[in-house]
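Two forms, one chain: they're shown below as C-alpha cells, one block per form, named structure 1 and structure 2.
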Structure 1
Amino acid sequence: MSYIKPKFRHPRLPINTLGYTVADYDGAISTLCAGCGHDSISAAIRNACFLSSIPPHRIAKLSGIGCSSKMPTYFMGRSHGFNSVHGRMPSVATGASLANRELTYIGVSGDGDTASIGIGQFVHLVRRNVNMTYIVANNGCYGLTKGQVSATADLGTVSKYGTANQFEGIDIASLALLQGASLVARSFSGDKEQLEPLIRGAMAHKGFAFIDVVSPCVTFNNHAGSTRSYTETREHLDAMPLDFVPMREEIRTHYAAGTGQNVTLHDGSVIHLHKTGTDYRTNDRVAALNALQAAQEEDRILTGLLFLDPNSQDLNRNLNLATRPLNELGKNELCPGSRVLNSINEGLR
C-alpha cells in the first residue's frame, strides 16, 4: 500500500487572504483506522487554519503519545512540530510558548495522554494560562495498547475484553473550568459546522483554550457494552479476527443550536448530544460547571462554547516577558553583563 499523497490539486481551489489553498495545509496520508473520528478532527484543524489565514510556518503542533498524538502528522506538513513523551506535552508547550509568543500553538492529545499519565502536567498548564489551543480527541479507551478503558470512560462501560469500568469518568472539560481555563468548549468529531468555528475562536483567543472532542474509536469500542462505540455490528464481529478493522464511513451530524441530537453508532448504541443555545451565557464559569453537571445527570453530552473569559491575560503577559522571540535577541540582550546582574541582585535584598 502506498502512503504517498498525489501532488495534483484542482487548479481552481479557493485561496485565503495569504494566497494559500487548503492543500497548502495538508499533511501526510493518515494511517489511522478507516472511519476514525480523529481524521475528522485533523481535517477541522486544517480547515480552521486555512480559513483563519494563518501561515503554516507560523504554527507549532505539539503532541504526546497515543492515536490522537499521531494526528499532527496528518495536517500542515509545513508547520513546526514536536512529538513528546507520554503525558509530557504541556511542559514542551509551556517552554515553547515562553520562548516565542509569535507562533500559534496547537496541542493535540488524547484522553489517556491528558487525563491519566499527563493529568498533573495538564492541570498546571491550565492554571498558568499558557497561550495555546489544546484539543483532546476523547474516545474513552487506549487505542495503541489494544483498548483498555481510559480515565474518561463512563462508569459501567465495558472494554473489548468484557471488563466493566468500576470508576466514574473524569470530565476534563469540568476540570479545565475548575482550574481556571479562559476558554472551554466541547464538540463531536463528526460535527464540522460546530467544530471548525470553535477551533478558529480558540486559536484567536489570548490564553489557554481547551476543546474536548468526543471522537469514537472504530476498533476498540466496537462491542456491546461500550458507551462510545463506533464500528461494525456485534453480529458481524463475532466471526472477525481481532486484527481486522472493517472499512466504515465516518459518522457526521448537523443540528441547530439549542437543540439535541441522538447519534446512532454502528453497533446500535446511541449517544445524546445537545448544543448550547443562543441564550447560554459563556462568561459565567459557575453556570458552565452547573450546565455540564446537569447534562451529565441527564445522560447528555453538552457541546458548544461553554466558557470564555474575554479579559484573559496569558502567561507571557502575566510574567512580563520579552515580546521578541528569544532566538531574535542578540548576545548583549541575553547576556547584559555583571553590572546588570548586580543591580538585579541588589533589588532582591
Structure 2
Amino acid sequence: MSYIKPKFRHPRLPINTLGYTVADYDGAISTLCAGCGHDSISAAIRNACFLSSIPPHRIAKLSGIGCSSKMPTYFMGRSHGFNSVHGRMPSVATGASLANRELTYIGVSGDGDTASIGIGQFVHLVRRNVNMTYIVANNGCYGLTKGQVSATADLGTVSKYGTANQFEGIDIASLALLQGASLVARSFSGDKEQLEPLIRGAMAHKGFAFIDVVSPCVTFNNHAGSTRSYTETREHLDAMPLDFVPMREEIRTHYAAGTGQNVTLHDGSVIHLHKTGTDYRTNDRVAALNALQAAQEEDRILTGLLFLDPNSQDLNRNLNLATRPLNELGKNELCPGSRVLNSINEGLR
C-alpha cells in the first residue's frame, strides 16, 4: 500500500451504540480503479456494520480471488480476513462458521469467483444454509485479467474488445432462490440507500443471506454496448426501496401503516419495504423467481429484497451443534480419557 490513511478524526463524528465512529470500521485504502462499483459496496458494508453496531473484531471477512475478493482489505481493518482460493471461499466460510458460531461472517465474491469455478461450492453453500452474508460484486467481466466476459454476462453484451457474448448469462440470484437460500436480494452498487439496509438485514438474518450487487467495471465494462455499464444499469433499474430497523428500535412514524410491508427477522429487527405500487411479497419463492424472470424478459434489473424466510434452520441447528463455539472447547470436553480407552480396548479383544 502506497498511501496511509490519516488518523485524525473529527471530534463530533457520530458514534454507534458501542462508542465506535464509522472510521473505526475503515480498512486500508483501496487499490481498485477510481470509480469502481466495488468501492461503493465496501463503503456500504462498512456503514452497515457501523450502523448495526457490530464490534469490528467479531466480524470475519472471507473472499476468493479476483477484484471483488480484494475488497475485504478495504473495509474493517480490525476484523480478521481470509483471502482464500479462487471460487472456494464457500467451503472456507463453512468451516470457519462451524468452528465459531458466534462471529458474523461476511463473504465477498465476484461473478468470476462465484459463477465459474465457484458455482459448485456456491450452490452447496446455499443448500447448507450456512449462517453468513454472501455478497457478489457482479460486473459481468474479469477485471484483474483485463476484461474477458464472465459467466453472468448477458447474452449479446459487447465486451471491451468489441465482440458480443454468445452465451446465456447465469442468473445467480435465481440460482440461489432455486437452491433454497433463505434470504435473496439484488442491488446496485450505486444505490447506497437500498444496499446498506439490505446488508444490515442480511447480517441480522440467521441463515444464508445472498446479495447479488450489480457493480459496474469502469475500466473494462462501462462502454456503449455493455449491458452492465453505469448508464445501462441506471436506465434499466427497477428498485424496490427499503429500510432496516434494528431490533428494539421503534419503527419511525413516517413508515405509516399501509404504506409498505414490514418483514420481521429472527432477532426482532425489521426490514421495511416501501410501497411501490406492486404488491410484492417477500415470502413467496416462486413469485420471486417469476419476478426476476419477468424483469429479465423486459430488459429490466429488479433490485430489492426478493425473498426471505426468517425462520429457516441454519447449518448449526441442523447439525445440532453445541451452543458454545467448538473452538473454545478444551481437553475436558473433547478427550474421553484413559478409562474410556481401556473399555474400547476391551471390546477389541
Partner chain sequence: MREINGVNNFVVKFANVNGTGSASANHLFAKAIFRMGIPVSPRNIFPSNIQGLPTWYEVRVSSKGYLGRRGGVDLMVCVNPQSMEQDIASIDPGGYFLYDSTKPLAQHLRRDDIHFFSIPLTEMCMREFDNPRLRQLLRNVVYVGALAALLNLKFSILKDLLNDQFKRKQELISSNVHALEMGYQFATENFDCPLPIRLEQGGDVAPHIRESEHILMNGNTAAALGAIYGGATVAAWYPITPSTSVIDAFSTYAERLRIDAGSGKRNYAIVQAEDELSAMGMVVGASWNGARAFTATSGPGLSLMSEFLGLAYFAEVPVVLINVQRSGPSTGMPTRSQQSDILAAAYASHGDTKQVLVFPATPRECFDMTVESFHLAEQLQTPVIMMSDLDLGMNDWMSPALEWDDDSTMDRGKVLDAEALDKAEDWGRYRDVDGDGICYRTLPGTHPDKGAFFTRGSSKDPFAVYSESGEDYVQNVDRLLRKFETAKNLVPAPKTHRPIEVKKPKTKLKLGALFFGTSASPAYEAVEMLADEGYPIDTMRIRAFPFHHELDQFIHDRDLVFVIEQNRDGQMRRLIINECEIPPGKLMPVLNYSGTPITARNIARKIRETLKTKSADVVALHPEKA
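Quick caveat, the model's predicted, so the values are computed rather than measured. Rigid core (definition): largest C-alpha set, two forms, superposition within 1.5 Å. Counting starts at 1 with the first residue of structure 1 and goes up one by one along its sequence.
Comparing the two isolated chains, structure 1 is the one taken from the form predicted on its own; structure 2 is not. In the core-superposed comparison between structures 1 and 2, the C-alpha atom of T17 has shifted by less than 2 angstroms. A displacement of less than 2 angstroms separates the C-alpha positions of K331 between structures 1 and 2, with the rigid core held in common. In this core superposition, I344 moves its Cα by 11.3 Å between structures 1 and 2.
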